[in-house]
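Listed next as structure tokens is one chain, alone, in the form predicted alone.
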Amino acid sequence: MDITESRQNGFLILTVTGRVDASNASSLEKTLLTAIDGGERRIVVDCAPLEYISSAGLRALLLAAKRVAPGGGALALAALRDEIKEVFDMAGFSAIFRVFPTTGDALAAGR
């Protein structure tokens, strides 16, 4: 897994590449929680290059969403591949997160 950070229009965009599983989900969790603890309130996770996510990865995203919400922030997901979206749907996470077709759509919705 690789995580790339960028900024656009006041959003922190985290692009997650590869596989998120039990062996590396803690890195995703640490990246997200460190950003939130550092004051980030508008975060988009770009999932376009994400190939796989396990329950450990879903847990990391859920923890981040719960941490950012009380401060008025939001964590949005963008560009889920069909197979990744299916995992989110089956786990009920599609109802928890705001999911957008593209990162641009997520940024536009947050303006």
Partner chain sequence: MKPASGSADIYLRNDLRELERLRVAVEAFGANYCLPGPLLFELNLALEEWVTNIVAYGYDDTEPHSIAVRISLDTTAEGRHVAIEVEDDARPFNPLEVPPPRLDLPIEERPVGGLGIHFLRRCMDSVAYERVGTRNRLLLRKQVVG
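Numbering follows the first chain given and starts at 1. Every value quoted in this text rests on a predicted model; they were computed, and no experiment measured them.
Absent from the display: the form predicted together with its partner chain. The rest refers to it.
- At a distance threshold of 4.5 angstroms between non-hydrogen atoms, Phe100 is out of contact with its partner chain in the predicted complex.
- In the predicted complex, none of the heavy atoms of Ala78 sits within 4.5 Å of a heavy atom of its partner chain.
- With a 4.5 Å cutoff on heavy atoms, Ser23 counts as touching its partner chain in the predicted complex.
- Of the heavy atoms in Ile53, some are within 4.5 Å of its partner chain in the predicted complex.
- Within 4.5 Å of its partner chain in the predicted complex, a heavy atom is found for none of Arg7, Gly71 and Ala106.
- Contact annotation for 40 to 72: residues with any non-hydrogen atom within 4.5 angstroms of its partner chain in the predicted complex are Glu51, Tyr52, Ile53, Ser54, Ser55, Leu58, Arg59, Leu62, Leu63, Ala65, Lys66, listed in sequence order.
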